[in-house]
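As C-alpha coordinates, one chain now follows by itself in the form predicted on its own.
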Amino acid sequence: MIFAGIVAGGIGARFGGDIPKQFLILEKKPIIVHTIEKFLLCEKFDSICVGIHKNWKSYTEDIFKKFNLNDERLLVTSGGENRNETIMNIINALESKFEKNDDNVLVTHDVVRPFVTLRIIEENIKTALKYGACDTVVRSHDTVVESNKEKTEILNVPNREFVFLGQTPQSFNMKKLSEFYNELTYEEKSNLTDACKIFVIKGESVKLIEGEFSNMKITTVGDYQIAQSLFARHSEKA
(Lines give C-alpha, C1' and ligand atoms only; values in the text may rest on other atoms or scores of the structure.)
Protein backbone atom coordinates (compact mmCIF):
# COMPACT_ATOMS: atom_id res chain seq x y z
CA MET A 1 0.00 0.00 0.00
CA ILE A 2 1.02 3.62 -0.49
CA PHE A 3 0.66 6.16 2.29
CA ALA A 4 1.40 9.85 2.78
CA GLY A 5 2.64 11.19 6.10
CA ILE A 6 2.21 14.94 6.50
CA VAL A 7 4.56 16.15 9.24
CA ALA A 8 2.80 18.93 11.15
CA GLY A 9 3.83 18.36 14.76
CA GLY A 10 5.61 21.68 15.29
CA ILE A 11 4.19 24.75 16.99
CA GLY A 12 6.06 27.34 14.89
CA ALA A 13 8.44 28.50 17.64
CA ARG A 14 10.90 30.01 15.14
CA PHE A 15 8.11 31.85 13.37
CA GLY A 16 6.44 33.41 16.40
CA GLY A 17 2.77 34.31 16.59
CA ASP A 18 -0.20 32.85 18.39
CA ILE A 19 -0.81 29.80 16.18
CA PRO A 20 1.43 27.29 14.38
CA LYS A 21 2.40 28.56 10.94
CA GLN A 22 0.55 25.76 9.14
CA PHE A 23 -2.70 27.50 10.10
CA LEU A 24 -1.74 30.88 8.63
CA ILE A 25 -3.87 31.96 5.69
CA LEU A 26 -2.69 31.94 2.08
CA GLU A 27 -5.30 32.98 -0.47
CA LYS A 28 -8.25 32.43 1.88
CA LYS A 29 -7.10 28.98 3.03
CA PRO A 30 -4.74 27.81 5.80
CA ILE A 31 -1.36 26.55 4.57
CA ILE A 32 -2.20 23.05 5.83
CA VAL A 33 -5.28 22.92 3.59
CA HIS A 34 -3.28 23.85 0.49
CA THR A 35 -0.77 21.10 1.25
CA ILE A 36 -3.37 18.42 1.95
CA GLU A 37 -5.23 19.30 -1.25
CA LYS A 38 -2.06 18.61 -3.27
CA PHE A 39 -1.83 15.11 -1.83
CA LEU A 40 -5.52 14.39 -2.28
CA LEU A 41 -5.00 14.97 -6.01
CA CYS A 42 -2.87 11.82 -6.11
CA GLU A 43 -5.18 8.82 -6.43
CA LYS A 44 -2.34 6.39 -5.64
CA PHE A 45 -2.52 7.04 -1.89
CA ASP A 46 -4.46 4.56 0.21
CA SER A 47 -4.35 6.97 3.15
CA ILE A 48 -2.98 10.42 3.98
CA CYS A 49 -2.08 10.71 7.66
CA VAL A 50 -1.40 14.08 9.29
CA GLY A 51 0.77 14.07 12.41
CA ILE A 52 -0.25 17.20 14.35
CA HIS A 53 0.73 18.52 17.79
CA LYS A 54 -1.66 17.01 20.32
CA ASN A 55 -2.85 20.44 21.46
CA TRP A 56 -3.94 21.29 17.90
CA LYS A 57 -5.49 17.98 16.85
CA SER A 58 -9.13 19.02 17.40
CA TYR A 59 -8.46 22.38 15.79
CA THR A 60 -7.05 20.62 12.72
CA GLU A 61 -10.07 18.36 12.44
CA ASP A 62 -12.33 21.42 12.61
CA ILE A 63 -10.30 23.12 9.87
CA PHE A 64 -10.71 20.07 7.63
CA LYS A 65 -14.47 20.13 8.16
CA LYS A 66 -14.65 23.86 7.45
CA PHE A 67 -12.85 23.47 4.13
CA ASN A 68 -14.67 20.27 3.15
CA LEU A 69 -11.66 17.98 3.36
CA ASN A 70 -13.88 14.97 3.92
CA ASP A 71 -11.97 12.43 1.86
CA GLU A 72 -12.17 9.07 3.64
CA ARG A 73 -8.43 8.59 3.08
CA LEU A 74 -7.60 11.47 5.42
CA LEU A 75 -6.44 10.53 8.93
CA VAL A 76 -5.25 12.74 11.80
CA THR A 77 -2.99 11.55 14.62
CA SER A 78 -0.91 13.15 17.38
CA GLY A 79 2.65 14.15 16.58
CA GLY A 80 5.76 13.44 18.63
CA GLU A 81 8.44 15.47 20.37
CA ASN A 82 10.35 15.97 17.13
CA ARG A 83 10.07 15.37 13.39
CA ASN A 84 11.12 11.73 13.37
CA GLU A 85 8.97 10.80 16.36
CA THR A 86 6.02 12.38 14.53
CA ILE A 87 6.80 10.15 11.53
CA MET A 88 6.91 7.11 13.81
CA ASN A 89 3.53 8.09 15.29
CA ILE A 90 2.17 8.35 11.76
CA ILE A 91 3.47 4.85 10.97
CA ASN A 92 1.88 3.48 14.15
CA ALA A 93 -1.46 5.08 13.28
CA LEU A 94 -1.37 3.66 9.77
CA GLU A 95 -0.33 0.18 10.88
CA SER A 96 -3.12 0.08 13.44
CA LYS A 97 -5.68 0.76 10.70
CA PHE A 98 -4.21 -1.01 7.67
CA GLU A 99 -2.57 -4.36 7.06
CA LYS A 100 1.20 -4.47 7.55
CA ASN A 101 3.13 -5.32 4.42
CA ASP A 102 6.83 -5.50 3.61
CA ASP A 103 6.25 -3.40 0.49
CA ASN A 104 4.27 -0.53 2.07
CA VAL A 105 5.62 2.91 1.13
CA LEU A 106 5.41 6.13 3.15
CA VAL A 107 5.79 9.52 1.43
CA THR A 108 6.67 12.05 4.14
CA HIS A 109 6.20 15.77 3.57
CA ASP A 110 6.50 19.05 5.47
CA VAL A 111 3.06 20.55 6.01
CA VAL A 112 4.51 24.01 5.33
CA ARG A 113 5.58 23.17 1.77
CA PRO A 114 2.26 23.95 0.01
CA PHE A 115 3.81 24.36 -3.45
CA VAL A 116 4.75 20.70 -3.94
CA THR A 117 3.72 19.38 -7.35
CA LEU A 118 1.97 16.20 -8.38
CA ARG A 119 5.01 15.35 -10.51
CA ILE A 120 7.30 15.39 -7.46
CA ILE A 121 4.86 13.32 -5.41
CA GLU A 122 4.44 10.65 -8.08
CA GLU A 123 8.19 10.41 -8.74
CA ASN A 124 8.72 9.86 -5.01
CA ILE A 125 6.19 7.03 -5.01
CA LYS A 126 7.72 5.38 -8.07
CA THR A 127 11.30 5.62 -6.78
CA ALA A 128 10.50 4.48 -3.22
CA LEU A 129 8.65 1.45 -4.58
CA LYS A 130 11.64 0.51 -6.73
CA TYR A 131 14.59 1.39 -4.49
CA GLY A 132 13.26 1.71 -0.93
CA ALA A 133 14.26 5.30 -0.18
CA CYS A 134 14.49 8.67 -1.93
CA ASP A 135 14.90 12.36 -1.17
CA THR A 136 13.68 15.39 -3.10
CA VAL A 137 16.52 17.84 -3.73
CA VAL A 138 17.56 20.88 -5.77
CA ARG A 139 21.06 21.83 -6.84
CA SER A 140 22.83 24.50 -4.82
CA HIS A 141 23.47 27.56 -6.99
CA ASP A 142 25.55 29.13 -4.22
CA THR A 143 28.86 28.02 -2.79
CA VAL A 144 28.34 26.05 0.43
CA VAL A 145 30.87 26.41 3.24
CA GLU A 146 31.34 24.23 6.31
CA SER A 147 32.43 26.06 9.47
CA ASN A 148 34.40 25.02 12.52
CA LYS A 149 32.59 24.11 15.76
CA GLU A 150 32.69 27.72 16.93
CA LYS A 151 31.10 28.84 13.64
CA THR A 152 33.76 31.50 13.25
CA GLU A 153 35.90 30.16 10.38
CA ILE A 154 35.58 28.14 7.20
CA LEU A 155 36.59 24.54 7.74
CA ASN A 156 35.79 23.19 4.28
CA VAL A 157 34.33 24.25 0.93
CA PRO A 158 32.60 21.23 -0.68
CA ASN A 159 32.54 20.88 -4.46
CA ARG A 160 29.27 22.53 -5.46
CA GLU A 161 28.78 19.99 -8.25
CA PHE A 162 27.97 17.38 -5.62
CA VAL A 163 26.02 19.58 -3.19
CA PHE A 164 22.22 19.57 -3.14
CA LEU A 165 19.63 21.24 -0.95
CA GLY A 166 17.18 18.83 0.63
CA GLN A 167 13.44 19.35 0.38
CA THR A 168 10.48 17.06 0.90
CA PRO A 169 8.83 14.70 0.11
CA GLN A 170 11.20 12.08 1.46
CA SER A 171 9.87 8.60 0.80
CA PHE A 172 10.69 5.18 2.19
CA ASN A 173 9.83 1.54 2.52
CA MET A 174 7.78 1.92 5.69
CA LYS A 175 8.89 -1.30 7.35
CA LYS A 176 12.58 -0.51 6.88
CA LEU A 177 12.14 3.07 8.11
CA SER A 178 10.50 1.91 11.32
CA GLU A 179 12.98 -0.91 11.95
CA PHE A 180 16.06 1.24 11.22
CA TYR A 181 14.84 4.04 13.49
CA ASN A 182 14.18 1.67 16.39
CA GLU A 183 17.69 0.23 16.01
CA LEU A 184 19.39 3.62 16.43
CA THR A 185 21.08 4.60 19.67
CA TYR A 186 19.81 7.54 21.70
CA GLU A 187 22.79 9.61 20.51
CA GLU A 188 22.12 8.76 16.87
CA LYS A 189 18.47 9.75 17.24
CA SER A 190 19.50 13.02 18.90
CA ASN A 191 21.69 13.95 15.94
CA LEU A 192 19.13 13.23 13.23
CA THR A 193 18.32 16.12 10.92
CA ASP A 194 15.76 14.27 8.82
CA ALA A 195 14.49 10.79 8.04
CA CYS A 196 16.92 10.22 5.17
CA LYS A 197 19.83 10.21 7.60
CA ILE A 198 18.32 7.11 9.23
CA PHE A 199 18.94 5.19 6.00
CA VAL A 200 22.38 6.75 5.51
CA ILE A 201 23.46 5.70 9.02
CA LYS A 202 22.37 2.16 8.18
CA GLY A 203 24.39 2.19 4.95
CA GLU A 204 21.29 2.09 2.77
CA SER A 205 21.09 3.86 -0.60
CA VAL A 206 18.87 6.94 -0.85
CA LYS A 207 18.04 7.97 -4.41
CA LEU A 208 17.69 11.62 -5.45
CA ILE A 209 14.53 13.11 -6.96
CA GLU A 210 14.73 16.43 -8.77
CA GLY A 211 12.73 19.00 -6.82
CA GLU A 212 11.75 22.55 -7.69
CA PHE A 213 12.87 25.83 -6.15
CA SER A 214 9.22 26.83 -5.88
CA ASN A 215 8.73 23.91 -3.45
CA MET A 216 9.79 26.20 -0.61
CA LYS A 217 9.37 25.65 3.12
CA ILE A 218 7.61 28.42 5.01
CA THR A 219 9.79 28.77 8.10
CA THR A 220 10.18 32.51 8.68
CA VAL A 221 8.04 35.62 8.31
CA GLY A 222 10.01 36.42 5.16
CA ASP A 223 9.14 32.99 3.71
CA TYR A 224 5.47 33.64 4.45
CA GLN A 225 5.62 36.97 2.63
CA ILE A 226 7.24 35.30 -0.40
CA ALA A 227 4.54 32.60 -0.36
CA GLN A 228 1.83 35.27 -0.29
CA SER A 229 3.42 36.93 -3.32
CA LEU A 230 3.60 33.62 -5.20
CA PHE A 231 -0.07 32.91 -4.57
CA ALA A 232 -1.04 36.45 -5.55
CA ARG A 233 0.93 36.16 -8.80
CA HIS A 234 -0.74 32.83 -9.57
CA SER A 235 -4.18 34.37 -8.96
CA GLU A 236 -3.40 37.26 -11.31
CA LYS A 237 -2.44 34.85 -14.11
CA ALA A 238 -5.59 32.82 -13.55
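Numbering starts at 1 and follows the sequence shown. It should be emphasised that the depicted structure is a prediction, and the values quoted were computed from it without experimental measurement.
A second form of this protein, the form predicted in complex with another copy of the chain, is not displayed here; the remarks below concern that form.
- Contact with another copy of the chain in the model of the complex, defined as any heavy atom within 4.5 Å, is confined among 101-109, 84-92, 140-148, 69-77 to 140-148.
- The closest heavy atom approach of residue 65 to another copy of the chain in the model of the complex falls outside 4.5 Å.
- At the 4.5 Å threshold, heavy atoms of residue 160 reach another copy of the chain in the model of the complex.
- Proximity of residue 19 to another copy of the chain in the model of the complex falls outside the 4.5 Å heavy atom cutoff.
- Interface membership of residue 197, defined by any non-hydrogen atom within 4.5 Å of another copy of the chain in the model of the complex, is confirmed.
- The candidate spot formed by 154, 166 and 206 lies fully in contact with another copy of the chain in the model of the complex, as each residue has a heavy atom within 4.5 Å of it.
- Shown without its partner, the chain has 113 as the single residue in segment 110-128 with a non-hydrogen atom within 4.5 angstroms of another copy of the chain in the model of the complex.
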